[in-house]
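Single chain ahead, by itself, as structure tokens, in the form predicted alone.
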């Protein structure tokens, strides 16, 4: 398993790629918070936020459909809000029975549910675009410059950096299990459900112990090489006048979208 399998950065010479990572991180956070604060059913504001996203995609040279295709996979997670269809008071639209319960979909519940889906969809696309146009080390340093707690940025950085190591460890455990679960041709290897659950539990325990031991060795190795709790980068991260202009313009556009949503 290679590190590239987890790295979603796309090298381009676009306008967004050249921006300071602090600008991209800050605008992304403000955009997501703005979407969360928009009232339910603010369709014109949702359209404005979507146009802002399309413009950002064009400036990234990744294509207008880049974030759209990759955001579809996140929509099922927004279905966790499906309960608002039945819990919000309002005019009944439809009713159905499930087991011993009667569920009634209301107009306000449907409005809230659709609004949540749109907010989630737009926010996920902006996060995908941020990762695609910003190198991960630069993103971590941008968070540090924005005064995100150091312990949090360090945990994120090491989780991302060693995720591929854990994946390799899982594959080795799976290969070891397969090599010890021989079976005749046409028959399934291994035992029943309880046997597989026991093996999976043992594998999870081994993975935890190996990860703990590896993390201790890595930390001691870092301390011996002068690690002081700060991750360094070769990029200077100097804010230019254009970065300030872009930040101000983006915040102004997002503020206008907020005003439109509250008219």
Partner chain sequence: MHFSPTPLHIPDGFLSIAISAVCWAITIVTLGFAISKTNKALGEKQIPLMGVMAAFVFAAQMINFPVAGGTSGHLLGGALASIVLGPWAGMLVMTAVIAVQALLFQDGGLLVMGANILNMGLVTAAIGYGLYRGVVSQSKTVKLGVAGVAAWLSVMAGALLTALQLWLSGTSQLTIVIPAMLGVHALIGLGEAFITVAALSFILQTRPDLLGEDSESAKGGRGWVVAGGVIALAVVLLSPLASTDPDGLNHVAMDLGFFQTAQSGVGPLAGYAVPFLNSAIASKIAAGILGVIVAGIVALLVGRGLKSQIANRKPPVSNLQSSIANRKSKIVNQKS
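Each form is matched to the other, and the largest set of C-alpha atoms that superpose within 1.5 Å is called the rigid core. Every value quoted in this text rests on a predicted model; they were computed, and no experiment measured them. Residue numbers count along the first chain shown, from 1.
Same protein, other form: the form predicted in complex with the partner chain, not shown, and the subject of what follows.
Asker: With the partner chain left out of view, which of 105, 142, 128, 111 would have a heavy atom within 4.5 Å of it in the model of the complex?
Answerer: Of 105, 142, 128, 111, the residue with a heavy atom within 4.5 Å of the partner chain in the model of the complex is 128.
Asker: Taking any heavy atom pair closer than or equal to 4.5 Å as contact, tell me whether residue 63 reaches the partner chain in the model of the complex.
Answerer: No.
Asker: Mark residue 212 yes when one of its heavy atoms lies within 4.5 Å of a heavy atom of the partner chain in the model of the complex, and no otherwise.
Answerer: Judged by the heavy-atom cut-off of 4.5 Å, residue 212 is in contact with the partner chain in the model of the complex.
Asker: Taking the partner chain as it sits in the model of the complex, is residue 227 near enough to touch it, meaning that at least one heavy atom pair lies within 4.5 angstroms?
Answerer: Within the cut-off, so yes.
Asker: With a cut-off of 4.5 Å between heavy atoms, is residue 32 one of the residues that contacts the partner chain in the model of the complex?
Answerer: Output for residue 32 is yes: heavy atoms within 4.5 Å of the partner chain.
Asker: Hey, which residues along 28-67 are within 4.5 angstroms of the partner chain in the model of the complex, non-hydrogen atoms only?
Answerer: Stretch hits, in order: 28, 32, 33, 36, 37, 38, 40.
Asker: Taking the rigid core as the reference frame, tell me whether residue 174 has a CA displacement of 2 angstroms or more between the shown form and the other one.
Answerer: Yes, because once the rigid core is superposed, the C-alpha of residue 174 moves 2 Å or more between the shown form and the other one.
Asker: Does superposing the core leave residue 120 with a CA shift of 2 Å or more between the shown form and the other one?
Answerer: The answer is no; the displacement is under 2 Å.
Asker: Would the C-alpha of residue 82 be classed as shifted by 2 Å or more between the shown form and the other one after rigid-core alignment?
Answerer: Residue 82: C-alpha displaced by less than 2 Å between the shown form and the other one.
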